[in-house]
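Take a look at this single chain in structure tokens; it is the form predicted alone.
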């Protein structure tokens, strides 16, 4: 009898052990959320729901599984399998995807809270740390419920009495639901760009003579200078771009900030009060950062075309290193590839985004900088789906050309360069590509 009871006890223990969930939230899933999801999925950020606790995550477990298995989430669209290695790669490995699938299929068990990793800590309101300076719109901007809002600008004096280096920057929209994009520029003293408009008052620039477009067919480069430069941009899904410790953007003494904002009415009248946070360098860095773009604004996508290709290029006129790169297109955007061809004839892919998503427009920071010697050619190949099979297509019967609005299109590959601290910006690229009609876009 004693032996029989002992055997039964062993069998019962074995049954309990086999019934215990092998994949649990705290032990297996929570570390993945911390590494890949919580930067966006927390209060105040772009993720539609927080995923910081078991209770918050459990109610969304089925949706999480579906998004993960379809590779819609985490939002990472660059193909790193055969090309580049990236910093802060959010994509999940096949094993990590399988872990989430197993957890959901097992009923999303919580497991032992003692297995939980230490919670991540975030600075509420900013991803760059506490800003040294906040550049803000002086008052909220009213966005109509319907209609078209052209690119809107606001000039804000920097107040800098000496040259200042910016090592991190972040745009915080006050109304993400109605914002297509925002860009902060630094306008150098004496610049003619938008010089006719007063500071502190939002305005829509007049169209260029002979042009039907107001802004994106050429504004800050019309005088032939790249000195009025892009400091930071915001588009849906983009996170602040990290710079190396020895690299920063230069804002010269007496400069103005120029904030470009593009609102898209969404059927509800609303307001926006956008802020920009800047973290300043205490001393001049070894290198300067500069954001540039490869653009083609002379294309015409035929009605119904399912895979229309647009190419663009520029050539380096001096040596530099590229730190990050990313694509920008609109609702018909399908894919984009950026390639560099060196003077030796060798080539390398900087990024390949085979599944472009307008809602998640990211810059992909490289694990190590790519050196671009003088004479290196940078090329983009963008593909567009103007067919009825594109569920985001505003009008498959339209011929689509370059334009500001989302129902128009753009072909723009942006990249962040690391250049000499005293480099001449107007000597970075060969002259044929020196005056693109829009390197600032979107």
Ligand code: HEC
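Numbering follows the first chain given and starts at 1. Note that the structure is predicted; figures quoted are calculated from it, not measured.
The same protein has a further form, the form predicted together with heme C, not shown here; the description that follows concerns it.
J.: Indicate whether heme C has at least one heavy atom within 4.5 Å of a heavy atom of residue 261 in the predicted bound form.
T.: Heavy-atom contact with heme C at 4.5 Å: absent for residue 261.
J.: Taking heme C as it sits in the predicted bound form, is residue 37 near enough to touch it, meaning that at least one heavy atom pair lies within 4.5 angstroms?
T.: Output for residue 37 is yes: heavy atoms within 4.5 Å of heme C.
J.: With the cut-off set at 4.5 Å between non-hydrogen atoms, does residue 75 touch heme C in the predicted bound form?
T.: Yes, residue 75 sits close enough to heme C in the predicted bound form that at least one of its heavy atoms falls within 4.5 Å.
J.: Hey, in the predicted bound form, is residue 360 touching heme C, heavy atoms inside 4.5 Å?
T.: Yes - in the predicted bound form, heavy atoms of residue 360 and heme C come within 4.5 Å of each other.
J.: Of 244, 205, 236, 173, which residue is found within 4.5 angstroms of heme C in the predicted bound form when only non-hydrogen atoms are counted?
T.: It is 236 that has a heavy atom within 4.5 Å of the partner.
J.: I need to confirm a contact call. Of 353, 154, 182, 92, which residue comes within 4.5 Å of heme C in the predicted bound form, counting heavy atoms only?
T.: The option sitting close enough to the partner is 92.
J.: Taking 4.5 angstroms as the heavy atom distance cut-off, pick the stretch from 406-414, 60-68, 385-393, 372-380 that is near heme C in the predicted bound form.
T.: Answer to the contact question: 60-68.
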